[in-house]
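Take a look at this one chain, the form predicted on its own, written out in structure tokens.
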């Protein structure tokens, strides 16, 4: 593992600088950095295989089953995650091939899932990812670099290797667009609890006030139904918040034209048991959006803390 991480650390550093990796068979494809980034995470199964359960961060482990899940092995689980992103598809493809090639002496590929987001500059400032159902995703996220973000995402205690790292929950969520597209705008907005135009709550109140709007208006003035996604997903306390970073995916349509699309949904947090799992249980119990979305893939990974030059990813875990 340490030899593998040493190779990946060098590769990622070079690719993020727009340089070819060592022994790159196609160095001419290193045409620039294009904001290339990558990080490495480790699944619960890896800790078991290596007898490193004592090095798992607090709250980390396999997710419980949820009744909405229709999980497929081809999209789920895994020992080691390499999450790669770039603004240019050629840079992304070239970097992905290099990292996979240098990983093959140590592991086999379980799956590769490709997603996309907006090209920079294509959406107004302040508007987050708009998914293929037309919804604005990632609203009310903690702002990167803020103290709020630090408290929600970064792990401060536990094993040394995870300090400054985080826990990732990954979900592949298929969308049933054929039936969703039959709904009118008003019906879609009731399902989500937000305006499709700008992602604002239907109540017009501030995001942090939305969960208790009904309690403050016992005469029933709220227009957000109990089954709406926003009501089920909104934080019920100070702990069950996450940083969500969604990507869309699109595969080949069926012969009858039915689209194969959805979200590669990622959420980052300090402790899955206190943040993701309580929220997902509420969505599992009552969320009308479940009629049009189906989780078909799921995994969880502990993400190593960032490193300075000269250090190796997760060196403290594998030394």
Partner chain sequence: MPPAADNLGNDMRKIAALLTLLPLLAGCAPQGTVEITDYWVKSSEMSTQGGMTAVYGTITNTTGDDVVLIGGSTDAAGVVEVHQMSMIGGEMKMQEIDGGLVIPAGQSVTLEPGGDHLMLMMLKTDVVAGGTIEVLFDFEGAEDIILSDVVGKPAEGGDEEYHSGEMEMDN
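Quick caveat: nothing in here was measured; it's all calculated off a predicted structure. Positions refer to the first chain, counted from 1.
One more form of this protein should be noted, the form predicted together with its partner chain, which is absent from this view; the next part is about it.
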Would you check, heavy atoms only and a 4.5 Å threshold, whether residue 161 touches its partner chain in the predicted bound form? no
With a 4.5 Å heavy atom cut-off, would you call residue 170 a contact of its partner chain in the predicted bound form? no
Using heavy atoms and a 4.5 Å limit, would one call residue 229 a contact residue for its partner chain in the predicted bound form? no
Though only this chain appears here, would residue 273 touch its partner chain in the predicted bound form if you measure heavy atom gaps against 4.5 Å? no
Contact with its partner chain in the predicted bound form, heavy atom within 4.5 Å, among 139, 236, 150, 176 goes to 150
The unique member of 265, 47, 60, 39 whose heavy atoms fall within 4.5 Å of its partner chain in the predicted bound form: 39
Of 130-138, 79-87, 108-116, 189-197, which is the one stretch near its partner chain in the predicted bound form, taking non-hydrogen atoms within 4.5 angstroms as near? 79-87
Should the three residues 70, 75 and 242 be counted as contacting its partner chain in the predicted bound form, with contact defined as a heavy atom within 4.5 Å for each? no
